[in-house]
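Quick setup: one chain, the form predicted alone, written in C-alpha cells, and binding and motion questions come after.
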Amino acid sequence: MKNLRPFKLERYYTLYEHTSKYSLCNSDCEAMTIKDLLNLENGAEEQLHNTWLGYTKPKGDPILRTAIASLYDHISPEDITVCTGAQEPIFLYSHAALEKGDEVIVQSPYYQSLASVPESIGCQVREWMVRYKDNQPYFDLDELKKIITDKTKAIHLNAPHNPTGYLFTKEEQKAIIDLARSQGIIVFCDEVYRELEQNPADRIPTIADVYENGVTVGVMSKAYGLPGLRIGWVVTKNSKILDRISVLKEYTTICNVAPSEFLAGVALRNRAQILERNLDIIRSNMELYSTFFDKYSHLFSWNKPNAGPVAFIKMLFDNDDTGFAEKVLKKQGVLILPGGIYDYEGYFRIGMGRKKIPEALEQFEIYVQENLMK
C-alpha cells in the first residue's frame, strides 16, 4: 500500500464534494432513499426487517449473484464475486492477475486505480491515449497494436468511458478481443456505466461474456445511483483469477454487508425502472448543456456522449483547468472536475445524472458571464 500514489480524484472529492454548494461534475446518477427503493418491490420492507445480520457468504449472497448474472448473457452466479464498491475488485484483480515486471495498457484518461494499483505491484503502465477528430473522442486501434509488446499482460478498458463518454462499437470491441486473444492478454473492463447508452442498440457485450480471459467490474454506484450500498462485483470465466480473488478477499472485507446485499438485489430486479428514471434525468440535463455550450461555443468545446452520465469539456480560452476550477468554486460555489486530475490539461469533466444540475448550471453561467465575457 505504501507504494500507491495519492488518489487525486478521490482526494479532490474528499476536500470539496461535501462542502461545495453546487456540483456540476458528479459521475453517478441520482440516488434514492431506502424507502423509495423498497417501494419498488412488494414485500421488500418486511424482508429487509428479517435480514440476518451475521456473516454473509464471501463470494456474495446467492440470490444477489443470481440477480447480477441476469445482467449478462453467458455468465453464471459461480462466475461472480461480490465486493465492496468498484475499488475493491480493481485492487483484488490487480493482485490476483498481475506480477512485477508485467506491462499493462490502460485506456487514458483513466480512473486512477486502473493504473496506480498495477504500478504499486511493479508493473509498467503504458497509456492508450484518447484522440480527437472534429471534437469527437476516439481510440485508435492501430496505436493499440503498436503499444502491445511481448510483455503485455493486460489491457485495462473503461466502457462507457469516464471522462469522455466514449463507447466502443461492437466492431472495435471485437478487434480488441482478437488482438488480446492472439497473445493471451487479459482484458479487464470497468463497465460501471453499462446500460446508460442513449441508444440501446449501441450497447456492446460485456467483456466477460465474449472473451475467456475477460474480467468485468460492475457496481451499484453509477448507472443505478446507489453508491451508499457499497456493492460491486467482479465477473470472469477465468477460474484461476476468480479463485485467487476469493483468497485475497479474505485479507480485505472477508464478506459483504447483509442489508446492502439485500437492497442491491431489490434494485437489480427492478433496474429497468431505475435506469429509465436515470436516463430521463441525463437526457434532460444533456439538452440544458447542449443549449449552454452552443451559446458559449467560443469558450468551450464539447460533444454529446453516446453513453454514460459524464462528458469532457475543452476550454478554448485557457489551459489552466485547475486554476479555472478553483475560481469557479471560490466565486460561485460550483464544483467542476479539472482535467489535471486525469493529467489531461485544458479540460474539465461535467456530470449529467443529478437532478440539481439545472441549478448548478445557472450559477456556472453567472461566473461565465461575469468573468469570461468581458
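The first residue of the shown sequence is 1; numbering continues from there. Everything quoted here is computed from the prediction, not taken from an experiment.
If you look for the form predicted together with a small molecule, you will not find it shown, but the lines that follow are about it.
A.B. asks: So which of Arg271, Lys153, Arg230, Lys249 gets a non-hydrogen atom within 4.5 Å of the small molecule in the predicted bound form?
C.D. replies: The option sitting close enough to the partner is Arg230.
A.B. asks: Which residue, Asn162, Thr81, Thr236, Asn256, is the contact with the small molecule in the predicted bound form, using a 4.5 Å heavy atom cutoff?
C.D. replies: Of the listed residues, the single hit is Asn162.
A.B. asks: Can we say Ser27, Val192 and Val219 each have a non-hydrogen atom within 4.5 Å of the small molecule in the predicted bound form?
C.D. replies: Yes, because Ser27, Val192 and Val219 each have a heavy atom that approaches the small molecule to within 4.5 Å in the predicted bound form.
A.B. asks: Determine whether any heavy atom of Ala86 comes within 4.5 Å of a heavy atom of the small molecule in the predicted bound form, and answer yes or no.
C.D. replies: Yes, contact at 4.5 Å.
A.B. asks: Would you check, heavy atoms only and a 4.5 Å threshold, whether Tyr166 touches the small molecule in the predicted bound form?
C.D. replies: Although the small molecule is absent here, Tyr166 would stay clear of it in the predicted bound form, with no heavy atoms inside 4.5 Å.
A.B. asks: Could you confirm whether Asn158 comes within 4.5 Å of the small molecule in the predicted bound form, counting heavy atoms only?
C.D. replies: Yes, contact at 4.5 Å.
A.B. asks: Contact with the small molecule in the predicted bound form for Leu144, defined as at least one heavy atom pair within 4.5 Å: yes or no?
C.D. replies: No.
A.B. asks: Which of these stretches, 222-230, 300-308, 196-204, 167-175, has heavy atoms within 4.5 Å of the small molecule in the predicted bound form?
C.D. replies: Going through the listed ranges, the match is 222-230.
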